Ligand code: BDR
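Coming up is one lone chain in structure tokens, specifically the form predicted alone.
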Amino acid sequence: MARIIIDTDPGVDDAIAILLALACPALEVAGLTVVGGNVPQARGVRNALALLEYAGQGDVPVLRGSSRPLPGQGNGKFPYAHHFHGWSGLSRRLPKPRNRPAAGGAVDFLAAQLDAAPGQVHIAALGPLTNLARLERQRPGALSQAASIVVMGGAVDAPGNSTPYAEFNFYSDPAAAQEVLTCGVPLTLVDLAACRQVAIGREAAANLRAPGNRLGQLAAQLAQNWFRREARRERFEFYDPLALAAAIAPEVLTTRRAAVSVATAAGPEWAASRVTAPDGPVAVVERVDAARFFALLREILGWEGV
């Protein structure tokens, strides 16, 4: 069984990814480290705790991470994505969690987990990369101890979703993204171009069912309610679930090695991600096997209708 730490800013797609990980018999979720991003860090922590309690896995630790981007980024605050995820971050109300976040912080937890089991802990980074950048600043080389790292972020040679050039996670903290992608540690980058290859429409979401699978039922409701909150929404792209699926089953992706840089200078292309050289440490996704991806959702979440 593979151990995984999910670095997350729980909005709707993060929540579906977390449920996918918790339901996967091949994964042991070692912890959730929370960063601000889709929602403020405190709300993200609450959402993470609530999801774990719903899943009956309240023993999984939740660690507070960065509530602000690295110094010098924008106005010093995460932009948040309330327009996409709603003010709570989740499209379904969950009971107030009884558990509290674990003592210590995300960076110390990540360092301790990687030190204790070098080459055995996988990391799925689903939000801004501030926690990972802070880890690498405080403990240079720490990320090289991970068994694998999958990052959801960037728009490599593709249109962004925060600006014409920038994807939301990288836009939230481009300096952190630049530091992680250029630290020399191998990682897989699941960017917007990849995520746009796996989506469902409003009608398909309405028909989602997961009989007998409680986690799958909640994941389906999150997607369905996301459509209900905005009548003009016609397409839900599986950003973070695809990154999590890549950690479970790398064969869903076809990648190419490259060096990738993130623009940190002020200007219209701020936070844009670009390939700067071939054969670098970043495995950039070129193609997604959509059939395999949806088969994974059916297998693990029990989804019918996709």
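On a predicted model such as this, the values are computed, not experimentally measured, just so you know. Position 1 is the first residue in the sequence shown; the rest follow in order.
Beyond the structure shown, there is the form predicted together with the named molecule, which is absent from this document and is the topic of what follows.
Residues Asp14, Leu126 and Leu192 are all found to lie within 4.5 Å of the named molecule in the model of the complex, as judged by heavy atom distances. Stretch 237-245 is the answer when you ask which of 61-69, 275-283, 254-262, 237-245 has residues with heavy atoms within 4.5 Å of the named molecule in the model of the complex.
In summary, among the residues Asn213, Gln73, Asn161, Gln224, the only one with a non-hydrogen atom within 4.5 Å of the named molecule in the model of the complex is Asn161.
Taking non-hydrogen atoms only, Phe109 never approaches the named molecule to within 4.5 angstroms in the model of the complex. Contact annotation for Asn131: none of its heavy atoms lies within 4.5 Å of the named molecule in the model of the complex. The closest heavy atom approach of Glu167 to the named molecule in the model of the complex falls within 4.5 Å. The named molecule in the model of the complex comes within 4.5 Å of no heavy atom belonging to Ala177. Taking a 4.5 Å heavy atom cutoff to the named molecule in the model of the complex, none of the residues in 265-287 make contact.
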